[in-house]
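Listed next as structure tokens is one chain, alone, in the form predicted alone.
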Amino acid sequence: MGKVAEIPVIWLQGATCTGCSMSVLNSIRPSIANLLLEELFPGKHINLRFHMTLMAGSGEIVLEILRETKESFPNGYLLVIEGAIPTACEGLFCTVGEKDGKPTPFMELTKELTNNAIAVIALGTCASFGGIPSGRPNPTGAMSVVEFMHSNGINKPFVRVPGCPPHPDWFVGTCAHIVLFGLPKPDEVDELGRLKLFYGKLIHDNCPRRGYFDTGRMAHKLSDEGCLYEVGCKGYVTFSDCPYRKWNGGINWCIDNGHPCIGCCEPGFPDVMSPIYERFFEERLPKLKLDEATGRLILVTGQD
């Protein structure tokens, strides 16, 4: 019996509705039990050390696990962050436990744990791009994990797994890819740091209603047959494999259910993608610019 390589994982939750966790817990192949309790691949096992929702304990006794993980795994751990990071008022809009009798801001915990991580997975649109918590007027100063890392001079490899919520396959597949092949190579991710395996094609190009679009047959209310472009579909600017992966075990997805794509995998959701049921103009999409100091692409948002 060969030695099993343990891959330690810390999963933090900040400004989030916990929907990303709930989505991943509904993974079917492999199930969440397969992922956490068995060898994902021969000789390799994911060791989930910390997850606020899944842990039976609470309080100081579980926070001690974070400290133990830092000390027990000097070569690092995989850090999963779900939710945006509030930074206003010194981070007091989101705290985790206490230190010396004072609340510990989530942003400080994130900074501490990110510095020692092998890599960071930004799970969900809130962690990936700021999402709903960073929507205007953003009184909590919420920002994405990657933006937070950049603003604090933390240069760690990262992978974005956006979606509101993300499909469980996108997260499990990203973990499997890292376990099997290591961190993604530059040609395996897009300019936003998403695996092309899941985010490499426009929804519009694989939409079952594409034929309606090509022949100019547009729906003008949700119950109409036809392309949903005029009632707010964002599928022509959204990259994901929803059309052929579908949801709930491959049963259904937004457009098969007669609802337009809301663009939840893209930067600028929900502000830029709103109103949901009105035609969208591509000019509103966030722009990207290159930070010459770090070589990273930065999202330029804030369009009216």
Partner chain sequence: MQKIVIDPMTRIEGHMKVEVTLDNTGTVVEARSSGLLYRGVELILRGRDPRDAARITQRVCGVCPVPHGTASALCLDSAFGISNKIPKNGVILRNIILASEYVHNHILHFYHLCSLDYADIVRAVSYTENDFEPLRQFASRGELAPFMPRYEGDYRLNDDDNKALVLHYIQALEMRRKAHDMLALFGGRTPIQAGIVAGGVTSQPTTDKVLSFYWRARELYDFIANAYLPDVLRVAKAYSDYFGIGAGCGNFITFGFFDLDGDEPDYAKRKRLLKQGTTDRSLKYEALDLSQISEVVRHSWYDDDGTPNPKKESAYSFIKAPRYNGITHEVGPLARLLVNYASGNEEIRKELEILMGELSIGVDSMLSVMGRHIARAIEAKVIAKALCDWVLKLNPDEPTFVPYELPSHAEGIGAIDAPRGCLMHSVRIENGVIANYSIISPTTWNGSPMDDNGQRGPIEEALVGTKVSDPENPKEIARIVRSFDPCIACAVHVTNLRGMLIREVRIFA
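Fair warning: this is a prediction, and the values are worked out from it, not measured in the lab. Numbering follows the first chain given and starts at 1.
From this point on, the text means the form predicted together with the partner chain, which you will not see here.
For residue 32, a non-hydrogen atom is located within 4.5 Å of the partner chain in the predicted bound form, even though that partner is not displayed.
Taking the partner from the other structure, the partner chain in the predicted bound form has no heavy atom within 4.5 Å of any heavy atom of residue 70. Using a 4.5 Å cutoff between non-hydrogen atoms, residue 173 does not count as a contact of the partner chain in the predicted bound form. Taking the partner from the other structure, the partner chain in the predicted bound form has no heavy atom within 4.5 Å of any heavy atom of residue 285.
Proximity to the partner chain in the predicted bound form, taken as heavy atoms within 4.5 Å, picks out 157 to 165 from the listed stretches 181 to 189, 113 to 121, 196 to 204, 157 to 165. Heavy atoms closer than or equal to 4.5 Å to the partner chain in the predicted bound form belong, across 116 to 142, to the residues 132, 133, 135, 136, 137, 139, 140, ordered by sequence position.
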